[in-house]
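For reference, the chain that follows is the form predicted on its own, supplied as structure tokens.
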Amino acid sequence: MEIKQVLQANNFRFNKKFGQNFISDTNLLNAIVSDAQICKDDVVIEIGPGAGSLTYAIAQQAKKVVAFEIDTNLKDVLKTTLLGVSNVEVIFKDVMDVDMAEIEKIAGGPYKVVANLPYYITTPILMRFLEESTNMTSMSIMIQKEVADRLTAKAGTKDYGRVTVAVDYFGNAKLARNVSRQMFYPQPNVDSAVVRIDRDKKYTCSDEKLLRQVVKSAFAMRRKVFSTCLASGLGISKDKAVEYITSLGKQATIRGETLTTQEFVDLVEIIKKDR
């Protein structure tokens, strides 16, 4: 039965505040599972299973799927979609309200995250798992195309920003595929993309709190030179900010969005030595 028919049969009403747009194309669903590199030994945490079409596809390849769904009105829909599927556990809770320790306990070891995320919750969920999880090995997320462009942007480009650096600090993000808005029901107003992030602790920073401050200052006022932004963000003199930037081997007139993640880390270590 098509997802649209399942929803109609269960008298499901869409809730706009949850940004519900469901995928029904089998080829696309299988492609997303392939992008996530799900295999028979994998435990998968799915965030927002919705009507369960992607959940079903994941379950065909994974050892176990634990799906967190915020909308309890989807209970009957998911019962229909996942009928006869024994390796899926659906938990009707907002994943943001569940302690990370509990999530990790439920997973029981290393796990992969797969999610079809609405715009309003993308960054909070993304950063929570990257910052707090110890057992997550990768995230494969369906998000708005413009957000995907930001997550995978290169330094110095218009899409490069604070979230790009934050994600890159914890892993390697790459665009897996673009997805037309026509592949969803109901059809959203924007196109989407699948981004895969593999955990990779490739940077070492002695003060991650200071790193967040420095990165935040770099993108706070994009039209201004970085020395001005850094001075304002850290509450230091403009001369001191220039000193730090030139110690990095950069011109005093650079803009913050031109620095790579490694250069931000190096800058933090320069500042730390002076404190």
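Keep in mind that what you see is a predicted model, and the values were worked out from it rather than measured. Throughout, we count residues from 1 along the sequence that is shown.
Note that the form predicted in complex with ligand SAM isn't included here; everything after this is about it.
query: So which of M136, A153, V95, V179 gets a non-hydrogen atom within 4.5 Å of ligand SAM in the model of the complex?
result: Spelling it out, the residue with a heavy atom inside the cut-off is V95.
query: Of the residues N116, T81, T164, Q144, which one places a heavy atom within 4.5 Å of ligand SAM in the model of the complex?
result: Checking each option against ligand SAM in the model of the complex, the one that comes within 4.5 Å is N116.
query: Does the 4.5 Å heavy atom contact test between E69 and ligand SAM in the model of the complex come out positive?
result: Judged by the heavy-atom cut-off of 4.5 Å, E69 is in contact with ligand SAM in the model of the complex.
message: Against ligand SAM in the model of the complex, would G50 count as a contact residue? Criterion: heavy atoms within 4.5 Å.
response: Yes, contact at 4.5 Å.
- prompt: Given that the partner is absent here, does V85 sit within 4.5 Å of ligand SAM in the model of the complex, heavy atoms only?
  reply: No - in the model of the complex, heavy atoms of V85 and ligand SAM never come within 4.5 Å of each other.
query: Is L54 a contact residue for ligand SAM in the model of the complex, using a 4.5 Å heavy atom cut-off?
result: Within the cut-off, so yes.
field: Listed range touching ligand SAM, judged in the model of the complex by heavy atoms within 4.5 Å, from 100-108, 156-164, 69-77, 199-207
entry: Result for this chain: 69-77.
- prompt: Does anything in 234-265 come within 4.5 Å of ligand SAM in the model of the complex by heavy atoms, and if so which residues, in order?
  reply: If the 4.5 Å heavy-atom criterion is applied to ligand SAM in the model of the complex, 234-265 yields nothing.
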